[in-house]
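The chain that follows stands alone, in the form predicted on its own, written as structure tokens.
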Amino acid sequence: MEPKNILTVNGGSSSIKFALFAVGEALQRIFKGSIERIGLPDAVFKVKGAEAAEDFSRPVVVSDHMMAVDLLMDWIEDRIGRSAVTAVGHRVVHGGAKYCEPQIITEAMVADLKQLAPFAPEHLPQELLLAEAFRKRFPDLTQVACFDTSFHHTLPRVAQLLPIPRKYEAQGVRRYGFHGLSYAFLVRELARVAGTEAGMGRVIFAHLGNGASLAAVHYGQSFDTSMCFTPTAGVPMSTRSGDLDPGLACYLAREEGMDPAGFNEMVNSRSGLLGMSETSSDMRDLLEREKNDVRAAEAVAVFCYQVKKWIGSFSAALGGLDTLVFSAGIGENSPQVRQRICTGLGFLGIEIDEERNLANAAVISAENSRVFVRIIRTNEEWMIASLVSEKLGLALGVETTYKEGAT
């Protein structure tokens, strides 16, 4: 029997992140990597293998995504052979109201998604170009779209509906939510490490990375989430503003002549931690500088304050809280941020154990905490591979529950 391998792809405007998983008794990651700074003179191709000896980073010349796909597939053919790739799973940021589960990519679906491009202009066009590049190179290779919005299709109507004229809802304007692949993984993983009862309880997941959002989950389904019609909404992020007064757009248009494109660029690329600190979008840099730079200190304070507010509001929406989960780069690796977010939340039953928190332990809540506080490392690539495996029936008789060491 030929080996079955799933290539996962996460495309951005100037990068491709990828991973290859073998389908066996469990999904086993063979390697992961990225092609970064596509179209720029200092593009780089990085790979991390199962063994350190397989790791490399080297400069490459890639003028566009088509060249990047050719480079990646040439390397894969040399590494394991073309026939060993069974399918490609793409992270697609937006599926609109129609696509609520993984779908094999077809011409009809691509046409639908092109109509959604105004919903996610920074993401969808590039993701569709990637799928087209794979189709041109390997027209018989099955490609599956895994949508970042699909996890949130269970949002109750009161959480979906925006308080604007009804005609815009008819055009598809509503809360969609994002980071869904991460949340889908975290729901499965919470049930695995803490049991089914915990997984079905009242849970807040805090996906805190360069992009940051929170999701309120009950019975394993999305109940509410901080991102909204676009990923710019919610808490402040590395360069995204999070929620703002809508009147700010009118003010800047009137006082500074800022057009919609300029406003969009500002709130997505020059705001958040970078905009407040005026020095860095990286939380690690700001924590190092905060004692001597009030701008860095205030950026960190605003971030933690806003996350704390969302935890409080979601606890109210859920009618209580059983588990709080921190994940993604900041959530998984910054004890200082976790401590500041949780300080003052004792009224919700959240108490942090200082030593466990500093050690980045799996459970960081104190013994007397009524709410379990956990750290779970997210794994969107594994989630994509699992969804593709299930969609194509490759997982028959295969364990697709995440296991340590299986990535």
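The first residue of the sequence shown is number 1, and the count goes up from there. As the structure is a prediction and not an experimental result, all values here were calculated from the model.
As for the form predicted together with a small molecule, it is not shown, yet the points below apply to it.
Asks: Should residue 328 be counted as a contact of the small molecule in the model of the complex, where contact means heavy atoms within 4.5 Å?
Replies: Result yes; residue 328 sits at the interface with the small molecule in the model of the complex.
Asks: At 4.5 Å between heavy atoms, is residue 287 in contact with the small molecule in the model of the complex?
Replies: Taking the distances in the model of the complex, the answer for residue 287 is yes, it comes within 4.5 Å of the small molecule.
Asks: Do residue 201 and the small molecule share at least one heavy atom pair within 4.5 Å in the model of the complex?
Replies: So residue 201 does not count as contacting the small molecule.
Asks: Test of understanding: in the model of the complex, would residue 275 fall inside 4.5 Å of the small molecule by heavy atoms?
Replies: No - in the model of the complex, heavy atoms of residue 275 and the small molecule never come within 4.5 Å of each other.
Asks: In the model of the complex, does each of 210, 283 and 334 have a heavy atom within 4.5 Å of the small molecule?
Replies: Contact check passed for all of 210, 283 and 334.
Asks: What stretch, of 119-127, 137-145, 202-210, 217-225, brings heavy atoms to within 4.5 Å of the small molecule in the model of the complex?
Replies: Partner-contacting stretch among the options: 202-210.
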